[in-house]
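Here's a solo chain for you in structure tokens, the form predicted alone.
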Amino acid sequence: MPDPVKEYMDVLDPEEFKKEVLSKYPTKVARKRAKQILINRPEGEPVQEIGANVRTIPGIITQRGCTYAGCKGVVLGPTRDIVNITHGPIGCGFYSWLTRRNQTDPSTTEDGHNFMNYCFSTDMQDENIVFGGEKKLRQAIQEAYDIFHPKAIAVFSTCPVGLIGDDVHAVTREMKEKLGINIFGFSCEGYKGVSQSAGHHIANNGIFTHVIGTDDTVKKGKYKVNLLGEYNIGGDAFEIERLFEKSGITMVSTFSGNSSIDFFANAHTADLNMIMCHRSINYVAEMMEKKYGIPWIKVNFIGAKSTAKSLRKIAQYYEDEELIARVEEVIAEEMPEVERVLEQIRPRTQGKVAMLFVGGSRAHHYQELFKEMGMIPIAAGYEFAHRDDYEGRKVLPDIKVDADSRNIEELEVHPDPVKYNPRKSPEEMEGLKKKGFEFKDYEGMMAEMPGGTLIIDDISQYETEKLIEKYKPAIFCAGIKEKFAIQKKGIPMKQLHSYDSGGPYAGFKGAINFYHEIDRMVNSKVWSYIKPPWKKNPELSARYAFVA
């Protein structure tokens, strides 16, 4: 059977594309970028080493965010009942107010607190930069407490705070003692890492240190799980929770979609941790395993086939025939509608080309949905990934710790003398492994992409434009910074950071939503009208004629 990817890439040689792009850069820049632009090797051959988690070259327009954005916006921001205060100028405060369409349901906690609609900032002025902003931070914490009476307050440092030396940790400790609620700070200055990935790590450390394990309440349920790296954009977590409830699985905590600090506090009581966005949250999973004995697995609820596979993996972990049977019933109930819609839309999407350059694991996960539609993902990459996100966790021992990584504190974690409780015995773990069950495993994006496809880390605006010009994709998936530049070229652009106005896209119903939306986008005639008529046809020419 012919390989559509190979046929497509043979016509438009990716090596030529790489050579052409690099030729426009200065020699030193080209040498660095060459390590971050790879042509994926065919299946069965070892994956290549990619340049990732390295500093963006000055002058290149990148998709990346800062450390503060990763800490505040991604990991803590979607948690409804924490008052998150940005300590810094109000310009940084834009990200204090959520812009990613994270959704939450306050009715699931007794107090009904929901502060996600608010933007809290100390609004530092020139005088605070000169004389220090700690006094203003104390006032902001006190004011937030007096008005909202939250159960927790988190403080996030922006670049000026680190430069002038404000001690947010001393202030939060002082106010915690004074007010009697959980108050903690993050040294997540925007410049602290090469991208928002550093902020994820810092946020993971903070939640683990100050929140997880502080409430030993055990929820009712036979199968108790945590879902890590799901941010409930467009309602994704609601759909996943629906499937869990239908299967008889109890969700203890979600990090951080539809999340509550109460759920974080007793996350250590779960039987199993599941990771969706590997980059943003794997640190918490590793630390919880060491301290509390909770094993973790990699899952993916983006795509109907991946959702079914992940549900079966959870059931396999428990080795419970009742759960295994119930999961199969749920899949059997959900899949007919998925297949009906696929049969309807696939003739219109089959063979069309897609490109995905998105943060987290989305550039990997969403390829599953496109493949189900018969579309061809020929180019993909992450904004802030590390090598293990591309090459798989097997390369972790070979990754060198550089100066940027040393900037982030590594917590020393030991088994808790009271709460450490291995959920599976060594014999049970080994028995599952012999059956093909994988713990702490992630093969990475490159292993699952076809040979000959392009892998580009931290793609620049120039490279994006050249990709579109050469390969003319049917759809391009990225974030808000690229959205309008791509649309102006007449290419449909799907935002996979905030979904624009769509979603959910997780689970079976989410897959159906995605099929319909992509079908509409790639087959809409509106994109053909982007180019004005005078650029499509030659201009009319005329000359004056004199008639006597």
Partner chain sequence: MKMEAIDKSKLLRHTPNEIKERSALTINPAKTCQPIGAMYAALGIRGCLPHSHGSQGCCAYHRSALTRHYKEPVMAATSSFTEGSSVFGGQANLLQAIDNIFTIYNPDLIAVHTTCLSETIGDDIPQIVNKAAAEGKIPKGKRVIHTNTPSYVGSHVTGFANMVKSMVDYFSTSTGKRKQQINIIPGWVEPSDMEEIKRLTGLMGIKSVMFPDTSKVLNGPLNGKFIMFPDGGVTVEELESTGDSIGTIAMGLWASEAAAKALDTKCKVPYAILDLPIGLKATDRFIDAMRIMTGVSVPEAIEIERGQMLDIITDMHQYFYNKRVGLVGDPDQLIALSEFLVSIDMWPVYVVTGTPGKAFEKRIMEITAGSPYEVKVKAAGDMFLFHQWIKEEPVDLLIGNTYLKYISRDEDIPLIRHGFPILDRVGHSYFPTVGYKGGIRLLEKILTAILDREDRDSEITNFELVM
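All values derive from a computational prediction rather than experimental measurement. Rigid core here is just the name for the largest C-alpha set that superposes within 1.5 Å across the two forms. Positions refer to the first chain, counted from 1.
Beyond the structure shown, there is the form predicted in complex with the partner chain, which is absent from this document and is the topic of what follows.
When you look in the predicted complex, the only residue of P106, G221, G392, P415 with a non-hydrogen atom within 4.5 Å of the partner chain is P106. This chain is displayed alone, yet in the predicted complex one of K440, K136, K305, R312 has a heavy atom within 4.5 Å of the partner chain; that residue is K136.
The chain is drawn here without the partner chain; in the predicted complex, the stretch among 268-276, 113-121, 167-175, 361-369 whose residues come within 4.5 Å of it by any heavy atom is 113-121. No residue of the trio E289, I324 and G436 has any heavy atom within 4.5 Å of the partner chain in the predicted complex. Heavy atoms of R520 never reach within 4.5 Å of the partner chain in the predicted complex, leaving it off the interface. Contact check for K472: no non-hydrogen atom falls within 4.5 Å of the partner chain in the predicted complex. At least one heavy atom of I147 is located within 4.5 Å of the partner chain in the predicted complex.
In the predicted complex, the partner chain sits within 4.5 Å of a heavy atom of S195.
Taking a 4.5 Å heavy atom cutoff to the partner chain in the predicted complex, the contacting residues in 36-75 are R55, T56, I57, P58, G59, I60, I61, T62, Q63, R64, G65, C66, Y68, A69. The two forms, fitted on the rigid core, differ between the shown form and the other one by less than 2 Å at the CA of S23.
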